[in-house]
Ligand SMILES: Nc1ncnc2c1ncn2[C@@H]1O[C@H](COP(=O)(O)OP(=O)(O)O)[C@@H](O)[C@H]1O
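The form predicted on its own is given below as one chain in structure tokens.
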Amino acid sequence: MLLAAEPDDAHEEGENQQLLITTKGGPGLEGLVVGSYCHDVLIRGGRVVGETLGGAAAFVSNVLDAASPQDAALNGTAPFVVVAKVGHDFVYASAPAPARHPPLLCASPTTSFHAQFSETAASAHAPDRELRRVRACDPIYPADLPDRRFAYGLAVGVAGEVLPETLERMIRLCRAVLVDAQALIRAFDGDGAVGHVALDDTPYARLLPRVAFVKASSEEAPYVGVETTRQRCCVIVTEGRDGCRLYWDGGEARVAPFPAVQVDPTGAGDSFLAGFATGLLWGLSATDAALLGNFFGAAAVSQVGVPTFHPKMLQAVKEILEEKTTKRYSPCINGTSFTFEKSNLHNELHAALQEAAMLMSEQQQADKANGNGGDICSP
């Protein structure tokens, strides 16, 4: 399945050759992340119980920073650019857990969401919070994107900030684009309550044949139209505690989950998509990369706000990926086509990541013993 962006000019081939960046352990790829940083306010029983940095750009960059193949020339940082807008009221530029990649400042206030949590436990698929957008920053325009080529792009809007023309510009700049469906189908009523519209009824639908992957939650999947969209690009549907499913033209696969103690589901889908992209960067097939997506999605729900990953866990994950990809896989994403089926090492990779998840579970138990886990809490 060809998934390349359309050329802007006759020099695309030469420019794309510049996308390869020398990294420790093999070639790396520069990425472009487009989405918001937000102020998230967590509410339970009518009481504010937490205020955190939010927004898909924060969760996505957190995973990419932590787990992508590293670039020694860039002092060990993952080679990607974040384009996010905030207002002058943004409070996480220098917080203890700040937005690591500087945003663009604009005159409008920072996007803010209120998340009202139910007092009762939700099922595996039912919404366990009610989201309301209370402020919206300016959208991200095509001119806000860097004027250069990228190997891959992640369109991860949460508040309608990724305009159709901005996504089209991303497609022209990036060899492969991964999109979170919430960037395409979210709608907001007069009070800011989050709803959804059918993807085929949006201006984004015509761009799908030029997109590599669309990720949707099980709640969003009916609006995406999996059976129709899979004929244009690969669709990934996350199913919470049940893992995820991949659908492409001619096949599908289910990918097993990893256990987690859910504290705050905010950012789980964003962390999944970033983990999935990271798997592709390490050279995994799409279905194998979804294991890494499930892994980081589970890690995200165990903490309030943007999670802090345990160093031992991250070290274990990187050692697993280095061992598997160095011996068995191509070291980088192709950018024009992907392998979708499970490799013959899929189960072995899942078992190895299960062991790494145990380190995460041990940290959760330690946090709970210290009074820092098991419920929504102030950061």
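Just count from 1 along the sequence shown to find any residue number. Everything numeric in this text was worked out from a predicted model, so none of it was measured.
Just so it is clear, the following notes concern the form predicted in complex with the named molecule, a form of the same protein that is not shown.
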item	value
The named molecule contact in the model of the complex: residue 165, any heavy atom under 4.5 Å	no
Non-hydrogen atom contact residue 262 with the named molecule in the model of the complex at 4.5 angstroms	yes
Distance check, residue 150 to the named molecule in the model of the complex, heavy atom within 4.5 Å	no
is_contact(residue 303, the named molecule) in the model of the complex, heavy atom dist at most 4.5 Å	no
Listed residue (238, 278, 287, 110) with a non-hydrogen atom within 4.5 angstroms of the named molecule in the model of the complex	238
Residue among 86, 234, 140, 298 with a heavy atom within 4.5 Å of the named molecule in the model of the complex	298
Candidate site 244, 258 and 268: all three near the named molecule in the model of the complex by heavy atom within 4.5 Å	yes
Candidate stretches 279 to 287, 209 to 217, 165 to 173, 96 to 104, one within 4.5 Å of the named molecule in the model of the complex by heavy atom	209 to 217
